[in-house]
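In structure tokens, one chain follows: the form predicted alone.
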């Protein structure tokens, strides 16, 4: 009994994961406190006790998405390889994961990004959580010799977001890129991004 209890994720995690799954499956219209309770297998009112408002529930889901998406990124200082190879690998692997095993997270994040365009309080959360990815990209780009690592990081994140949207919800959803294609695409983009006129 004790072993089973300790192996279950904490209630906030159960609720956040259920909310993410609902957003990906039904869109934001299908996200209600009661629906999250049912999806998480929790007593009615559990979600309301944790996240009393819809805004709080959206923030909980977005925070969990950022936590899960960043879990695969190690400290760049501890990763072997040249900075450029490392950046290419991190970007390609991150994109591939987001389009395969992490597709539910990606769909939910796109839904939340659109909602953030209408809700300033969610926009603040989205931008704050996204800053950690920008920071890692800027650090690696600086090590690659970029004279504008912060600006190049924004360019790289924009490109990655475009790839994810195209392959998940855009015109490319029927033919998402393979791992090998992503490796090649990332290498090509980094070559163009880091190229500087003489």
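Positions refer to the first chain, counted from 1. All values reported here derive from a predicted model rather than from experimental measurement.
Only in words, not in the display: the form predicted in complex with a further copy of the same chain, which the text now covers.
Novice: Of 28-36, 62-70, 137-145, 42-50, which is the one stretch near a further copy of the same chain in the model of the complex, taking non-hydrogen atoms within 4.5 angstroms as near?
Specialist: The contacting stretch is 28-36.
Novice: Can you work out whether residue 90 and a further copy of the same chain are in contact in the model of the complex, taking contact to mean some heavy atom pair no more than 4.5 Å apart?
Specialist: No, residue 90 stays farther than 4.5 Å from a further copy of the same chain in the model of the complex.
Novice: Is there a heavy atom of residue 86 lying 4.5 Å or less from a heavy atom of a further copy of the same chain in the model of the complex?
Specialist: Because no heavy atom of residue 86 falls inside 4.5 Å of a further copy of the same chain in the model of the complex, the answer is no.
Novice: Residue 132 versus a further copy of the same chain, in the model of the complex: is there a non-hydrogen atom within 4.5 Å?
Specialist: No, residue 132 sits far enough from a further copy of the same chain in the model of the complex that none of its heavy atoms falls within 4.5 Å.
Novice: Residue-level question: is residue 110 within 4.5 Å of a further copy of the same chain in the model of the complex, judged on heavy atoms?
Specialist: Result yes; residue 110 sits at the interface with a further copy of the same chain in the model of the complex.
Novice: Select from 140-164 the residues with a non-hydrogen atom within 4.5 Å of a further copy of the same chain in the model of the complex and write them out in sequence order.
Specialist: Heavy-atom contacts within 4.5 Å come from 152, 154, 155, 157, 158, 159, 161, 162, 163.
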